[in-house]
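This document opens with one chain alone, in structure tokens, the form predicted alone.
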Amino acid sequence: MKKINLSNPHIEALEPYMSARRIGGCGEIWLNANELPFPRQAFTLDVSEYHRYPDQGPDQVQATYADYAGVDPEQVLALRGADEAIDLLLRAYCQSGTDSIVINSPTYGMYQVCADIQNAAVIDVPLTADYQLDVAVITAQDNTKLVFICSPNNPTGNSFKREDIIDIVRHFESEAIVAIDEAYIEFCPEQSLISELKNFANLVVIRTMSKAFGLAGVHVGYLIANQSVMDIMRKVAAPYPLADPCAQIALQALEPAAVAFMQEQVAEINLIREAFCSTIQRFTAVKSVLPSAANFVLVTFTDSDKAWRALTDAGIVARQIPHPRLLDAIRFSIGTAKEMEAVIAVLEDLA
């Protein structure tokens, strides 16, 4: 059959994001997608209105999440995951072929992918040697429309200095939107920038319920911003951004008892993470363990290929990071205590 080649040239050259599911793997212990390892409680779904389109907001979900996040309902836009928030920001603020964004690698790959789809240039200001923001170089980029900061950062797991982020937001106050991706913030809530929304019109916070809430399969995210940004975002958002079953589940997961349950599980994950890190950093095969404020940890090895083969042979699926600075690293999502004990057993046996 004859190939039809009608797409935009920049889309032809696009490298798609390689999600954990797209990469795949084979094993019994899955620690590659930063998912919560604990099964969720049962949710009750009302199917009586499925013949109707869902509420446009849906307003109830946004109001409930606003209460959880400590903001006004008008500041919240519920979306199909955090990735949709990233995509909408690019489409709303970056003119194709003209504008640019700033990222700080190694970081979450969807910033680059969404920029490539929009045909926006990407200015990469690499993280410093200790994986912090290079504020001086970032603030020297005065020809950008969007600055993405993932904190805690994926894949390194660390948070950034609050004063550095605020300096960046302040510098770009009348020039660019600064979007703080807080996908993992429940694991270190004290580091959230939500409280700074009242001080900066150009600050945007991106959240998700896929991580700490354990709703990766439901895929609900939020964009949180002030009125001027929200007026623009509501123009580009889909008319029905959340499927009704997803909205119902999100509402139940935001009930006070469910939030308390989530926080208990987050505390457990944090304890498992710290115990795991403390144990493996003494192993001869482990070169370094990066301090993490998220539900995953990045480990560098003296021989990462050997470590990877041993993990694969043991049925453990983790994540290799295709970044030049992290070729000797493997990222481990934090699973149950039993799952992490299995990882420890494999790494301890490495010569």
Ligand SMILES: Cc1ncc(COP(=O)(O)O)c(C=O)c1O
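The first residue of the sequence shown is number 1, and the count goes up from there. Because the structure is a prediction, the values reported are computed rather than measured.
Not on display, but discussed next: the form predicted together with the ligand.
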Tell me, out of 148, 213, 184, 276, which residue has a non-hydrogen atom within 4.5 angstroms of the ligand in the model of the complex. 184
Of the options 203, 102, 114, 82, which one has a non-hydrogen atom that comes within 4.5 Å of the ligand in the model of the complex? 82
Decide whether residue 219 counts as a contact residue for the ligand in the model of the complex under a heavy atom distance cut-off of 4.5 Å. yes
Please run the contact check for residue 108 against the ligand in the model of the complex: heavy atoms, 4.5 angstroms, yes or no? yes
With the partner left out of view, is residue 154 within 4.5 angstroms of the ligand in the model of the complex by any non-hydrogen atom? yes
When the contact criterion is heavy atoms within 4.5 Å, does residue 159 count as touching the ligand in the model of the complex? no
Just to confirm the contact call: exactly one of 228-236, 254-262, 192-200, 82-90 touches the ligand in the model of the complex at a 4.5 Å heavy atom cutoff, so which is it? 82-90
Note that the ligand is not shown here; using its position in the model of the complex, name the residues of 267-290 with a heavy atom within 4.5 Å of it, in sequence order. none
